[in-house]
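Take a look at this single chain, the form predicted alone, given in structure tokens.
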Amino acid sequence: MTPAQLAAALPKAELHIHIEGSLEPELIFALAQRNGVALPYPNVEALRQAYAFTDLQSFLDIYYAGASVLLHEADFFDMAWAYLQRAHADHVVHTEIFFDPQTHTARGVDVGVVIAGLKRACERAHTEFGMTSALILCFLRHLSEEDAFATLEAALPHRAHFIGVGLDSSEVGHPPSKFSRVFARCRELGLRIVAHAGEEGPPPYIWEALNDLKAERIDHGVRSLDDPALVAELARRRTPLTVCPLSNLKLCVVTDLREHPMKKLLDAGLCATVNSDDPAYFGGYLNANFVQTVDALKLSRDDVIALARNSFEASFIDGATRAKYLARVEAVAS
């Protein structure tokens, strides 16, 4: 097998997937019709043509419009089930799914409805595919910390169904330290901590995520290379980075995939992983990200195996499950 073929075949975990970002235009229109929601685009083709993003904010504007069709438990189930089937086809055996309650509660949708639909899809994926999964509740950083606290309290009756919290949405101007108190409360509750940092924001945002929020994983983190001391600290802590190559390309973080820093991150000894972020908008699910990155950067077979292994090392799974998945990696790679 070539490195790209191996990348496609290996079992892997996906740790940076926004479930609302897996909502394909066809399903957006189907749910809009089912729920009587008017869309600002006449058809699927017109919506796809709008996916010419210049930065993170230009994407988020369309992302939130697309999410407006999600109203009922069945909608969240259908969205998540569609993603899980695609992930299974890409040999994803474990996934940790981000969801954004505030995107939906602002429209009057109860957080319990969101979680119930997502959880039901995850249970079906476990039954049909043997896939393990977990949900991570993300706070929208362009909103206030008070709003995040209110979201957390609303979600606590459903605490058994999500394992952690994250921080996403517009990065620049909204440093992680803005949310120090609510993340301290989340740690008290025993929730796992992740945070988006270092996508468009500077290295100090990554330092804040590590030191103020106590993040166990950094989502994106590609700008860590701008700060050698930060790279050394991430390597020392073995803090995983959930990197999303096609997202970085689509949002103009890099102008060419051949310039992507993934190889530099690996060579620096960092626990980098490959993920799809918002695949419906960025042109590819996990294998597309993996294969195109391998080809663009001419990653070696060892690089590919390291990325697959890193995905399980970085996962919030127990030791026995991790060992089982790592054994599968070795079996395919041998």
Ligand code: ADE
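Nothing here was measured: the structure is a model prediction, and the numbers come from that model. Position 1 is the first residue in the sequence shown; the rest follow in order.
The form predicted in complex with ligand ADE exists for this protein as well; it is not shown, and the discussion that follows is about that form.
For the candidate set 56, 270, 294, 31, a heavy atom within 4.5 Å of ligand ADE in the predicted bound form is found for exactly one residue, namely 56. Out of the listed residues 90, 168, 75, 208, 168 is the one that sits within 4.5 Å of ligand ADE in the predicted bound form by at least one heavy atom. At a distance threshold of 4.5 angstroms between non-hydrogen atoms, residue 247 is in contact with ligand ADE in the predicted bound form. Contact annotation for residue 44: none of its heavy atoms lies within 4.5 Å of ligand ADE in the predicted bound form.
In the predicted bound form, ligand ADE sits within 4.5 Å of a heavy atom of residue 60.
In the predicted bound form, at least one heavy atom of residue 18 sits within 4.5 Å of ligand ADE. Taking the partner from elsewhere, every residue among 199, 220 and 278 has a non-hydrogen atom within 4.5 angstroms of ligand ADE in the predicted bound form.
The candidate stretches are 65-73, 296-304, 270-278, 36-44, and the one lying within 4.5 Å of ligand ADE in the predicted bound form by heavy atoms is 270-278. Contact residues in stretch 296-334 (any heavy atom within 4.5 Å of ligand ADE, taken in the predicted bound form) are absent; none meets the cut-off.
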